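In structure tokens, one chain follows: the form predicted alone.
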Amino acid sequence: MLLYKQKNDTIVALSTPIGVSAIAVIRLSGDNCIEIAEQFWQGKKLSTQVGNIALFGKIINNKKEIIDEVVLTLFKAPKSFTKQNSVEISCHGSAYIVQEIIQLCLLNGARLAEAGEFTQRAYLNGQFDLAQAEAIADLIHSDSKSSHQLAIAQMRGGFSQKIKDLRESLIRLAALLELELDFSEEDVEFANREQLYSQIIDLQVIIKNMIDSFVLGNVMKNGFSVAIIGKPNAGKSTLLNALLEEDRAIVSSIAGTTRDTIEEIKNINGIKCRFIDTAGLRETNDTIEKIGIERTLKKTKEAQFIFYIFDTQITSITELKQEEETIKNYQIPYLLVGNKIDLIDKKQLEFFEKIDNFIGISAHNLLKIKELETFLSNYIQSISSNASQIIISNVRHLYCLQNALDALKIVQNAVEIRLATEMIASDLRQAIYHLGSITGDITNEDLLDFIFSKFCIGK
């Protein structure tokens, strides 16, 4: 593959969005990038400069015309992101200027970078491991405090080090088993089976905790989904508008106004929350409304939390308890949200407040909306406090950890039934392989191309 084999030629790409900023940054990386830049650079001679220096000068085309006045930042290997000689040209954000400078780079020997090629070169040159490289993509796309913090933590290498420690533990065990195979004729047991069994159990617990953390990691990365469900005219759309502080959903006294789901995002205390307004739950002969209710049920099953909203004016305690039994069937955490409490008397409200898992609001008058947000924020934080120290959010990592865990379960069973050493060693090598594929200690060309193809051009 091109990305893997040609890692020393000079590549060029725009690293900033075109047309949205006063300044654009064009990156070059590769053995000849300094010589290429000097062909159209007018300023201090680049080849005689020390690395990590910013220089002011001009970009000149083949006709000796000034294209732009720029700041050129020079990095010399290995002190650069890619660990290669690198040049970053900060020019004005004009699409014409950017096109002219990139064209000059190409005419003088560079080629256009492919998606993620700068980050891939950094990985191939040992700047960081594969898991840390993937964290860069997560950092670029982070859109909340939680997703940003998660990406930063993974970039720092805590997760990678944990995986490497686990893998080294398995390698030591495998080495003892391999030693037994070398001395099979002597019938020597270098790996005590009781100790081996105990270590395999301990490693399974660690990996299982990391797998379990994916639920929280996915929330931090992609957001926490909350389905707002209830009967028609309970105030679902009004609640969505209140949470968003804008008129996003149509509100009407006509039952069945919402025919489809509406999803909107709000950042609450650094966590991205996806609120899903749904069609009212009721029996109906309206074909379109039936489709909306079917979608409501589907979205509710996919949600991570439920706000069940009901009208406190017309809902009795007995009815509410019956409805609550239906909600419990979803097996999803929920909160009973009593709406229109401004329209009932204090005695009625006191009856509802005796129910566990209840908050009363007035979506129309924005009464207790902040308390509702605080409840949700506290709930998400409680999930965080129960999570393991290492939190994963990458589906590929989850897949690899699950495969490693499955392999260790097979090893456990093999030890229990006293299978031959070569069988135990084979399964242990599978676990080592799957852990190594997370950090890139074991990888292949196709995997690298797949991972880095998801990056932006210029990253």
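Numbers follow the displayed sequence, beginning with 1. Computed from a predicted model, the values in this text were never measured in an experiment.
Missing here is the form predicted in complex with a further copy of the same chain; even so, the following discussion is about that form.
Site annotation in the predicted complex: the residue of Gln84, Ser142, Thr312, Asn218 reaching within 4.5 Å of a further copy of the same chain with a heavy atom is Ser142.
Scanning Ile206, Ile152, Leu179, Leu106 against a further copy of the same chain in the predicted complex with a 4.5 Å heavy atom cut-off leaves one residue, Ile152. a further copy of the same chain in the predicted complex is not approached by Asp427, whose heavy atoms all lie more than 4.5 angstroms from it.
a further copy of the same chain in the predicted complex is not approached by Ile34, whose heavy atoms all lie more than 4.5 angstroms from it. Contact annotation for Glu88: at least one heavy atom lies within 4.5 Å of a further copy of the same chain in the predicted complex. None of the heavy atoms of Leu335 is located within 4.5 Å of a further copy of the same chain in the predicted complex. Looking at a further copy of the same chain in the predicted complex, residues Val25, Ile53 and Ile67 each place a heavy atom within 4.5 Å of it. Stretch 95 to 103 is the contacting one of 355 to 363, 95 to 103, 208 to 216, 234 to 242, since its residues have non-hydrogen atoms within 4.5 Å of a further copy of the same chain in the predicted complex.
With contact defined as any non-hydrogen atom lying within 4.5 angstroms of a further copy of the same chain in the predicted complex, the contacting residues in 7 to 33 are Ser15, Thr16, Pro17, Ile18, Gly19, Val20, Ser21, Ala22, Ile23, Val25, Arg27, given in sequence order.
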